[in-house]
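A single chain, nothing else alongside it, follows as structure tokens in the form predicted alone.
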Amino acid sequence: MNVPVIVSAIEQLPRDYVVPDELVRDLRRADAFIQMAVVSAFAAVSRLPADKLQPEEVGVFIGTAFGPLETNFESLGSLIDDGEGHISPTLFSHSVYNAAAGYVARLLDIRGPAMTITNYGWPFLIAMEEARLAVASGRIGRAVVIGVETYSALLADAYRRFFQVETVPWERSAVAWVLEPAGAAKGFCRLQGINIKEFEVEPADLLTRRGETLTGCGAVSELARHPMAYVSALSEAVMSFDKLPQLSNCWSIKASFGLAEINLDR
């Protein structure tokens, strides 16, 4: 079984996002990484019409370069300062990279596969392809794919030192896509597949993403130097896919650390 897969919903979380009233209580202790993943997923799924999918037919896939790094540092700091047996159980559990996927699954009643992909290159695209394969094979009837980054003071300091600059072009952000079988729902476009080649580079290239460009429909755009720039740019392109000239259905992202090809179709 190999069915076509469509992108049925996209949600880019605004900078001034507000946690919905129905999620406030459950997210009161969550860090920013978890909050943003849950709120973006909730908003994307809320755009879909009512259906009869069972919780077991839905999966959640998260892609992140740095994960809840600041929470990791806080957890380790508590362990060092307070000693074993005194670290906050909540803080420790939230430092686990898959905690956000667990929150999304619990609060959105998702009982299918739940995974978090970590990769310094294009983690969102890797998570997207895993989700597409799961939907195309009939394993699940819907996939919620989330890209989220909150960064940390340590990363910002490394960036400043490398470039000898005062400001860092990073902002916390989250994007959620929903993938479903074609015919089961309406969508922006079909996702035919994603191919990624990775090259060995210096760590600084992955931190600064120097020279990363997005190419599609005859246009080439240099992306901002942060790990969510390609996710936002691709999301905006797909949301306006029906208005773009059909010059090319293959979008590509090039950087010193690799090449990614995203094959879309109307």
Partner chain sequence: MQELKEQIKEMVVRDLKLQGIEPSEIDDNAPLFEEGLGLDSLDAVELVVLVQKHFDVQIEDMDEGQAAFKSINTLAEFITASRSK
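Positions refer to the first chain, counted from 1. Just so you know, these numbers come straight off a predicted model, no measurement behind them.
Here the subject shifts to the form predicted together with the partner chain, a form of this protein not shown in this document.
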Practice task
Answer yes if any heavy atom of Glu171 is within 4.5 Å of a heavy atom of the partner chain in the model of the complex; otherwise answer no.
Solution key: no
Problem - Partner contact for Lys52 in the model of the complex: the partner chain, 4.5 angstroms, heavy atom - result: no
Exercise for the section: Using the partner position in the model of the complex, report whether Lys243 sits within 4.5 Å of the partner chain, counting heavy atoms only. Expected result: no
Exercise for the section: Give a yes/no on whether Val18 approaches the partner chain to within 4.5 Å in the model of the complex, heavy atoms considered. Expected result: no
Completion exercise
In contact with the partner chain in the model of the complex (heavy atoms, 4.5 Å), from 28-36, 224-232, 209-217, 42-50, is stretch 28-36
